[in-house]
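This document starts with one chain, in the form predicted alone, laid out as structure tokens.
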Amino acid sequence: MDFLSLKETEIADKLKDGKIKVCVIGIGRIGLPTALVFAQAGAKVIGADISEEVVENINKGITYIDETGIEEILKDSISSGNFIASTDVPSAINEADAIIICVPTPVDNNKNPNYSDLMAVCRDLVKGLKKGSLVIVESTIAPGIVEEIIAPFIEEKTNLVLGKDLGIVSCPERADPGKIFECLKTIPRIVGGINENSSNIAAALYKAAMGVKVVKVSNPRTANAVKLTENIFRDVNIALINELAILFEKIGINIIETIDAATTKWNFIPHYPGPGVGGPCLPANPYYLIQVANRVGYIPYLVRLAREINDRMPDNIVNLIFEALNGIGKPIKGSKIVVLGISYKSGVKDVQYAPAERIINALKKYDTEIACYDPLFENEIVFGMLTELSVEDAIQNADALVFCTAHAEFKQLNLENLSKCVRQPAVIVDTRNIFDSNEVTNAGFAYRGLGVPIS
């Protein structure tokens, strides 16, 4: 099928009738749900991945992605014949009308974007692309990568002309881990194509498959700028609140009380302090724009400073732990410190750039006894440590309980029961403002909270 020659009005019917073939490259946390949503909509989908283990498990209906209902949807999609996984990426590309790229684009140790997986996909693209196909880049990339790197590479290696023989668009993913299926079917998609036809066909495809509003922008670089702007906005505002939290604590002001009151004004958007920013997006995305800015001779001071503030937060939490132990007359050396919550986000089993890792590594330097527990990582090796099976197991004879993730399970804890397990006097260090300080002290603990002055 010459997919690009279709009329926009034809796409919904052809999708429903199973006449559109889609290849999703990279079937991880974003790629697999994306592939399954297209399969549910009627497309014939191949999930392509270089990992033999991932492909083998997925074809058996097994996935370790912790999204509600994903295994049931996967098994239904396989049994219907609408989905299969493959390691033969070029063949999967050749069979498809639309090729969706969902590979990771992390930053390296020097904070430079690492596009090696994306370029590996490009090398597979030129082996398998056929005339009339549409390439959709969902991976988060810097503005200009499609126009300046991907498009010229494809044209040089295939002798196909983008905008004429092939289409290409950026449609950056906007899903929230833990709610990915919900996001795919509710959050508008941003589409920016190399030409108008590419944008129109991609917009019609996403609207038909996901039922969402599609916002078309001028070009791929603008679509990528939208994604970066969204995440940098959050990163900068979190940095602002983190900085205010540290300051307000020192001058006797409660940051949470302040935020709650400020929220009563219509133009205030609440953000909350924490031990740092984790996950695959916020700690990395600003550096894509910083790299572009460096290339054109501009310094994005605010973006860089926000990253520095958020990157320093784990060190501030370690200082808070020092102060908390000193407050109950205990040295950090020899104390048992329990880190509760190691995932970067509540309810999500993911430790990418999790602040807890840096906190744990810093504490190891002070000859402390460290234990950790997370309801999503029970009895697993994480950060080189074996996690405990329960909160109670973790906190036996503990001197300090450090809450790094606001899991729902933690909010239900009986603090009085916990106080019977620890080595009194003991302190709770609340980096997410999970608990009311009075409830903590009434249960028999000392309390230190991020952005909460000592009462």
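Being a predicted model, the structure only gives us computed values, none of them experimental. Note that residue numbering begins at 1 and tracks the sequence as displayed.
The form predicted in complex with a small molecule is left out here; the points below concern that form.
Candidate site formed by Asp176, Val277 and Cys281: every one of these residues places a non-hydrogen atom within 4.5 angstroms of the small molecule in the model of the complex. Taking the partner from the other structure, the small molecule in the model of the complex has a heavy atom within 4.5 Å of a heavy atom of Lys345. For the chain shown alone, Ile238 is a contact residue for the small molecule in the model of the complex, at least one non-hydrogen atom being within 4.5 angstroms.
Mapping the unseen interface onto this chain, Asn200 falls outside it, with no heavy atom inside 4.5 Å of the small molecule in the model of the complex.
At the 4.5 Å threshold, heavy atoms of Arg189 stay clear of the small molecule in the model of the complex, well away from it. For the candidate set Lys130, His271, Arg221, Lys336, a heavy atom within 4.5 Å of the small molecule in the model of the complex is found for exactly one residue, namely His271. Among Asn82, Asn254, Asn231, Thr158, the residue placing a heavy atom within 4.5 Å of the small molecule in the model of the complex is Asn231. The stretch among 202-210, 295-303, 337-345, 322-330 whose residues place heavy atoms within 4.5 Å of the small molecule in the model of the complex is 337-345.
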